[in-house]
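Take a look at this single chain, the form predicted on its own, given in structure tokens.
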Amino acid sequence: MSCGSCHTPHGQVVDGQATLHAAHANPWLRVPNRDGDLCRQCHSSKLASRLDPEHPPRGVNHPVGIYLKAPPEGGVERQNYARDEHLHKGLPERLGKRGGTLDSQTRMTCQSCHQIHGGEGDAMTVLPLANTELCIECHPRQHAVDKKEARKKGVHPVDFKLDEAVKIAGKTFKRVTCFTCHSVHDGKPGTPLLREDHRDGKLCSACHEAQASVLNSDHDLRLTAAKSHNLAGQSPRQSGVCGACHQLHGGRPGEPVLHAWERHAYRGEKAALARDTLCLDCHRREGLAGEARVEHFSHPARDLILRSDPERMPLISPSDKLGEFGAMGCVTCHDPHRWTPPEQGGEKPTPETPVHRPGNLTGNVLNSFLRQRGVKDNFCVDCHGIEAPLKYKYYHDSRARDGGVDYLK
């Protein structure tokens, strides 16, 4: 390539547009590039225009051709318009000041992100990619400066260092940024520009390896609630095994686990911790897990100070955090991602028992998403003594309830 590959001294002004930026004073392009026509000559594989019915599959490239203005009322082509309202005013100001532009019809084009002369780094972007500055300008909703802000906004945290490096799609990452999960021009087909397909949990398991065992369990809603839909209107098959319960960029602000399902007000007679109501949304008569509803679950908390190893049986603090002190909740005894607990005293996980169709598996004291196989060395024994194994095994059975016995006396 040379200057003459794109420029010619004999070019003419076309449709009054002498150059992409008047300040550059360079009208001699071989092909007018206001709509990215020149870029397309060499980079057709990097384009996925919403206006081209033959563009590559969804997810391979960040799309161009999207209008950055408000969609028409009742329009049938709303998918061709930016969904975030702040983008209905056009390209963010900072991108415009650094040379980013829209095409002649206020649609995204190559030059919205790339600057041919004076761009940042090898990708020649209008803003640096190192700290995802470019992404944040258009996608501020998905960004958080730390884990605290991420919880407040209801998004997956970014901009933090991993305890151990992970490998995703053959590339090693030591820090979580937008580009840990997303690839602007090399995403997997049918995904939101993801490096790995999310529908089988492969992407999430790169960091959340321990939770990958939910695959093929009763909590894999692709198998047990295939006709259900998450808050985004996706079926478990569309959202993937993790996306049926969690949404990375659209969680309810301030609520735990980035839940992706419609919450229901708890109306039971027994007192329930806020975190327990997450489980009871499904494990109730009208819920997705109505056949496995939980009616007896409460444990006395008043006048008790419980202490437990949070790695084995975490307790729930008054601020709804898992830790060493607090009250007993569903997650104290259950791990919703693992059907069978590891062998007693060992770290090696037990092979999972997949769901068999038709009908769900009936659990017992050795599985049913339990964290431990028994109560040995756990705080249950402190109060219940020799009765602890039976109390643990039949915790949800009405016959195992205290029956008027006050263990504090």
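Each residue number is its position in the shown sequence, starting from 1. No experiment lies behind these values; they were computed from the predicted model shown. Between two forms, the rigid core is the largest collection of C-alphas that superpose within 1.5 Å.
Same protein, other form: the form predicted in complex with a small molecule, not shown, and the subject of what follows.
- For the candidate set 93, 84, 324, 146, a heavy atom within 4.5 Å of the small molecule in the predicted complex is found for exactly one residue, namely 84.
- Put simply, residue 340 is far from the small molecule in the predicted complex: not one heavy atom of it is within 4.5 Å.
- Heavy atoms of residue 268 never reach within 4.5 Å of the small molecule in the predicted complex, leaving it off the interface.
- Among residues of the shown chain, residue 236 is not one whose heavy atoms approach the small molecule to within 4.5 Å in the predicted complex.
- In the predicted complex, at least one heavy atom of residue 291 sits within 4.5 Å of the small molecule.
- After superposition on the rigid core, displacement of the C-alpha of residue 368 between the shown form and the other one stays below 2 Å.
- For residue 324, the Cα coordinates differ by 2 angstroms or more between the shown form and the other one after the core has been superposed.
- Superposed on the core, the two forms barely differ at residue 40: its CA moves less than 2 Å between the shown form and the other one.
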